[in-house]
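The chain below stands alone and is given in structure tokens; this is the form predicted alone.
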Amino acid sequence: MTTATRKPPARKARLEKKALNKEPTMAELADRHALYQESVQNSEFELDFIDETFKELTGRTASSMREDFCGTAISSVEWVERRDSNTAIGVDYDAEVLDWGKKHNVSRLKPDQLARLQLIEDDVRTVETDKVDCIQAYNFSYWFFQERAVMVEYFRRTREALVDDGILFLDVFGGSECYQTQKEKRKLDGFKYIWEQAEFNAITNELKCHIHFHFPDKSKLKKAFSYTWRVWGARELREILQEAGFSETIIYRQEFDEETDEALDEYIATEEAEDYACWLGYIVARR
């Protein structure tokens, strides 16, 4: 009776041959780290912001930088490429992504630039490094810390790693959309980027997110990256930074077009924000 459900030997062989000869999909060939750098990171803009803001607040040019949660270390690499005087330290506990960064980003550096870059596989909460002019913790990676005491301790550690007039640079977002499950889609060159806020716990402010990539051949790279964050408010982060010992915090909020309400690539220091569904910004903390 069971033989009726079996595939005939000839058909089975054809199916197996077809599977062997099948061309890999675009998703199967994709490099998730390269896609992330192209769709999420804008290190040139972020380094411009660091350079300009640091000079405005301190009156001098920053030369030493530490990149916490550095991932592929693209920002550290571009920092040492900017000026012959620049040095960078990249810190991340994920060996796999650090190795990718060494192969695809660090490898392009000239010997003198390479000598000014240090990558460390370690926890940003306990790592020991030389003191630097500025520390950046971007792409909301520090929101991985969900307990207030842990966040206070992390900020204390970053403050200790800064020179006397050093500055900590953080990014932040807010608005009602932070607290909603939703998907945001953007078309890029050769693929589509999907940001999904999959689950939100309104009691703990815990947000579970995923990044997916879709391709023209209809293949998909689902959950290429996944995160569980606590949604931190800008005000409470500033209070925690003050508790950690920082002397001053400044919010730089993204500007919007007055007629279209479209977000612009401009950030202004402000103490006010209208009831935008979603806004992006930076928190600048002076040691």
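Please read all numbers here as calculations on a predicted model, not as lab measurements. The numbering used is simple: start at 1 and walk along the sequence shown.
Only in words, not in the display: the form predicted together with a small molecule, which the text now covers.
Trainee: On the criterion of a non-hydrogen atom at 4.5 angstroms or closer, are Tyr252, Glu271 and Ile283 all touching the small molecule in the model of the complex?
Mentor: Checking in the model of the complex: none of Tyr252, Glu271 and Ile283 is within 4.5 Å of the small molecule.
Trainee: Any of the heavy atoms of Tyr36 lying within 4.5 Å of the small molecule in the model of the complex?
Mentor: Yes, Tyr36 lies within 4.5 Å of the small molecule in the model of the complex.
Trainee: Heavy atom to heavy atom, is Asp133 within 4.5 Å of the small molecule in the model of the complex?
Mentor: Asp133 lies outside the contact set for the small molecule.
Trainee: Can you work out whether Arg125 and the small molecule are in contact in the model of the complex, taking contact to mean some heavy atom pair no more than 4.5 Å apart?
Mentor: So Arg125 counts as contacting the small molecule.
Trainee: Consider Gly71 of the chain shown here, and say whether it contacts the small molecule in the model of the complex, taking contact as heavy atoms within 4.5 Å.
Mentor: Flag for Gly71 set to yes.
Trainee: So which of Glu206, Asp94, Glu184, Glu147 gets a non-hydrogen atom within 4.5 Å of the small molecule in the model of the complex?
Mentor: For this set of options, the contacting one is Asp94.
Trainee: Find the only residue in Thr87, Ser141, Thr129, Gln197 having a heavy atom within 4.5 Å of the small molecule in the model of the complex.
Mentor: So the residue touching the small molecule in the model of the complex, by this definition, is Ser141.
Trainee: For the chain seen here without its partner, which of 76-84, 107-115, 185-193, 94-102 has a heavy atom within 4.5 Å of the small molecule in the model of the complex?
Mentor: In short, 94-102.
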